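Just the one chain here, laid out as structure tokens, in the form predicted on its own.
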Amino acid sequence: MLKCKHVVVKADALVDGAPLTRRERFALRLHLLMCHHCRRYVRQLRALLNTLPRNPDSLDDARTREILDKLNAPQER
């Protein structure tokens, strides 16, 4: 039987549809049937992922560097 902390580690793979072994998928589903806290966690994770904007265009290196520089720049007061 999986513990809740193991479900948290594997929940993103479950939600994203990433490849899991049959044993992992079965263990996750069994745990989710019995644990309402983990069911709530997975439900919230799915809701979060559904609300995030999807951007199919990948960023080039210059644009990525620009965004990181803005995030790392000291904030003006």
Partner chain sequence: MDPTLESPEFIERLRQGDRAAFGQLVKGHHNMLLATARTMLSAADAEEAVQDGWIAAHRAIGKFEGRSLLRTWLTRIVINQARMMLRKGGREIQFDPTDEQDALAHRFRDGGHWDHPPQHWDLSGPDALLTRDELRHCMEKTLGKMPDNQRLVLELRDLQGMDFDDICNMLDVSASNVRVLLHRARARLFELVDHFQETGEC
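Between two forms, the rigid core is the largest collection of C-alphas that superpose within 1.5 Å. What you see is a predicted model, and the numbers here were worked out from it, not measured in a lab. Numbering follows the first chain given and starts at 1.
This protein has a second form, the form predicted in complex with the partner chain, left out of what is shown; the following refers to that one.
| task | Decide whether residue 24 counts as a contact residue for the partner chain in the predicted complex under a heavy atom distance cut-off of 4.5 Å. | result | So residue 24 does not count as contacting the partner chain.
| request: Find out whether any non-hydrogen atom of residue 30 is located within 4.5 angstroms of the partner chain in the predicted complex, and reply yes or no. | output: Result no; residue 30 lies far from the partner chain in the predicted complex.
| query | Applying a 4.5 Å heavy atom distance criterion, does residue 34 contact the partner chain in the predicted complex? | reply | No, residue 34 stays farther than 4.5 Å from the partner chain in the predicted complex.
| Can you tell me which residues in 1-26 come within 4.5 angstroms of the partner chain in the predicted complex, by heavy atoms? | Read in sequence order, the residues that approach the partner chain (within 4.5 Å, in the predicted complex) are 3, 4, 5, 8, 9, 12, 13, 16, 18.
| query | Does the C-alpha of residue 18 move 2 Å or more between the shown form and the other one once the rigid core is lined up? | reply | Residue 18: C-alpha displaced by less than 2 Å between the shown form and the other one.
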